[in-house]
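Below sits a lone chain in structure tokens, taken as the form predicted alone.
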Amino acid sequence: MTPDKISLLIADDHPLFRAGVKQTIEKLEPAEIYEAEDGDKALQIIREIEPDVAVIDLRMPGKTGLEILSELYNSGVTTKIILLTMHKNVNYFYKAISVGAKGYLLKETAVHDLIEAVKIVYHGGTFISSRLKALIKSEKSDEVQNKLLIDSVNSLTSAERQIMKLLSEWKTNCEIADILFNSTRTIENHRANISDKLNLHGAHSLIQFAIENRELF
């Protein structure tokens, strides 16, 4: 990682799993590790300490991982959150990204992926487990290859294509606004216009389209 000690929160209601994650993390550079057995405690630690990275289970007593992400979304808290789950459901993934997740791990491959995920997220990147990438690719609609859809993408302005590229990199509205020197409201309006042009409907459809078709932007 870096010469600095990373601060890390592990939030999961299974003590043995937390211990395994902690043991894996300690293979990195020296780390200051916090633990939480439920979502309420995890949220408290994040708000009070703001660890560099938090690895949070999607399902646990108290607040869920998604609820924690939603409460912290655009709050100014700097902790980068990696969501951990046993669910192979891409809809959870898209919802997590829409509320600011910077990493998404399946529990079945967590030991293999965890060190790389923490490194990447700690340094400002995003991480998705290879297993979930394969699931997303397998669910990608053949309609994406349809000329009509390609023409719709080509109808986007350069600013709209830039926003789509940033969405494909898991950027939030606030992050996109900062990068493009615009207001959050302006970005929201652009997203609405893009959705209309691409005939996309639903809370996470634009993010899903951007990620599945990032090569188009």
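By rigid core we mean the largest C-alpha set that fits within 1.5 Å across both forms. Quick note: we count residues from 1 along the sequence shown, nothing fancier. Just so it is clear, the model here is predicted, and its values are computed rather than measured.
What follows is about the form predicted together with the DNA, which we do not show.
Within 4.5 Å of the DNA in the predicted bound form, a heavy atom is found for none of 102, 117 and 123. Among residues of the shown chain, residue 48 is not one whose heavy atoms approach the DNA to within 4.5 Å in the predicted bound form. Within this chain, residue 203 lines the site of the DNA in the predicted bound form, having a heavy atom no more than 4.5 Å away. Looking at residue 188, you'd find a heavy atom of it within 4.5 angstroms of the DNA in the predicted bound form.
The shortest heavy atom separation between residue 64 and the DNA in the predicted bound form exceeds 4.5 Å.
In terms of contact with the DNA in the predicted bound form, the residue from 33, 179, 159, 153 that brings a heavy atom within 4.5 Å is 159.
None of 34 to 42, 66 to 74, 49 to 57, 166 to 174 except one has non-hydrogen atoms within 4.5 angstroms of the DNA in the predicted bound form; the exception is 166 to 174. After superposing the rigid core, the C-alpha of residue 56 moves by less than 2 Å between the shown form and the other one.
When the rigid core is held fixed, the Cα atom of residue 42 travels less than 2 angstroms between the shown form and the other one.
Superposition of the core reveals a Cα shift of less than 2 Å for residue 21 between the shown form and the other one. Note on residue 92 and residue 160: their C-alpha atoms are nearer in the predicted bound form, a change of at least 3 Å from this conformation. In the predicted bound form, the CA atoms of residue 193 and residue 74 sit farther apart than in the displayed form, by at least 3 angstroms.
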